[in-house]
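Quick setup: one chain, the form predicted alone, written in structure tokens, and binding and motion questions come after.
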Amino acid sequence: MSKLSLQNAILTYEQLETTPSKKDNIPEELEDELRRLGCDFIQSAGIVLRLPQVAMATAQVLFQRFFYVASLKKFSVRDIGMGALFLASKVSESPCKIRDLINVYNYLIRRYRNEPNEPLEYLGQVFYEMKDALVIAEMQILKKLGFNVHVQLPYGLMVNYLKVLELTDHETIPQKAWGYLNDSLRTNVYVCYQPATIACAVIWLAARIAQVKLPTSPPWWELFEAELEDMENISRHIMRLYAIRLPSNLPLSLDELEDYLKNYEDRRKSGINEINEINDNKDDLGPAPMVTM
């Protein structure tokens, strides 16, 4: 008899290395960028809709999980993003209206493409196409994930750990650690590690940035059953977000992706030159570099 587990579903090494998108010849860099872009849209839409952070975080985790069992060539970033947020809003008991979600996504897409904002007609063709796509996306997420939409988040654990370490009143560590939790949703760490390890990692990183020394004899993270190697790896994923800028005009629909892949190498070279030029003119890319323990 199988046991019921409240732990998050964690991917195997094989699942991480051989994603359906890779099998469909989508470059690894592009896949990572589209995952990040989809999570950016989910977070922005959730903020506009005034959804709780737990709904936005759950949606991003479901979005990441989905594209480890389905290909970006068969399901678009836009549709799965809308479906994940709609489903997560119900799972977190803060449901939003389909009409509101579609209008917000339409606004965000137009802003991303630098197009003038034009509200959708409620009975218009575009609205109904997006509505059908959202409903189908929600069903596909449930189907592909086997209706396993349970997501345990590390926010509560992190707050408790800060209390144990007597860091709740520190002027920067709690806020930075909370921000790192939100930012790490744009990476794959939530499908690679359990919440306790992620909570320890963001505290470890925030303390390193703030140059606050924490107990090492014995190591404090062992109290919470975390490993230093895992925390360092999670921290590298987070810091990488601040060092890499997303290219502009990434594809949001399947048709756009098909066109984008035709000239991918030329776009890549152009985008890298543009990003390098921007980075060369920056004094700071974000938090200070991580110091090796």
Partner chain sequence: MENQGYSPVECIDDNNLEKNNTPEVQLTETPKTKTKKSKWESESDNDSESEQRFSKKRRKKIQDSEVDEHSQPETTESIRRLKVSNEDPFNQSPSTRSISPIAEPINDMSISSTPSPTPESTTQSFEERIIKSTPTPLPPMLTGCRSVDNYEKLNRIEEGAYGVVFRARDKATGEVVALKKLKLDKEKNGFPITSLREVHTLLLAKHPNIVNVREIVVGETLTQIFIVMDFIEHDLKSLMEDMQVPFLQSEVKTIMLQLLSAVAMLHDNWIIHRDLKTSNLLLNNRGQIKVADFGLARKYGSPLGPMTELVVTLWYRAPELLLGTKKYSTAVDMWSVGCIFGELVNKEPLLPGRTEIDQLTKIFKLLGMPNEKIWPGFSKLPHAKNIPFIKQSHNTLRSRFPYLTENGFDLIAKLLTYDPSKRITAEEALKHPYFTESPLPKDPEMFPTWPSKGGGERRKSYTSPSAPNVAHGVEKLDEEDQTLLGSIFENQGGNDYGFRLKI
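Residue numbers count along the first chain shown, from 1. Remember, predicted model here, so these are calculated numbers, not experimental data.
There is another form of the same protein, the form predicted in complex with the partner chain; it is not shown, and what comes next is about it.
Each of Leu87, Pro95 and Pro219 comes within 4.5 Å of the partner chain in the predicted bound form, counting any heavy atom. Listed stretches are 120 to 128, 169 to 177, 100 to 108, 77 to 85; the contact stretch with the partner chain in the predicted bound form is 169 to 177, by a heavy atom cutoff of 4.5 Å. This chain appears without its partner; in the predicted bound form, the one residue of Glu265, Glu232, Asp255, Glu28 with a heavy atom within 4.5 Å of the partner chain is Glu232. Taking the partner from elsewhere, Arg113 is found to have every heavy atom lying beyond 4.5 Å of the partner chain in the predicted bound form. Under a 4.5 angstroms non-hydrogen atom cutoff, the partner chain in the predicted bound form lacks Tyr260 among its neighbouring residues. Heavy atoms of Thr187 never reach within 4.5 Å of the partner chain in the predicted bound form, leaving it off the interface.
Although the partner is absent here, Gln15 is a contact residue: one of its heavy atoms lies within 4.5 angstroms of the partner chain in the predicted bound form. Along 218 to 244, residues Pro218, Pro219, Trp220, Trp221, Glu222, Leu223, Phe224, Glu225, Leu228, Glu232, Ser235, Arg236, Met239, Arg240, Tyr242, Ala243 each place a heavy atom within 4.5 Å of the partner chain in the predicted bound form.
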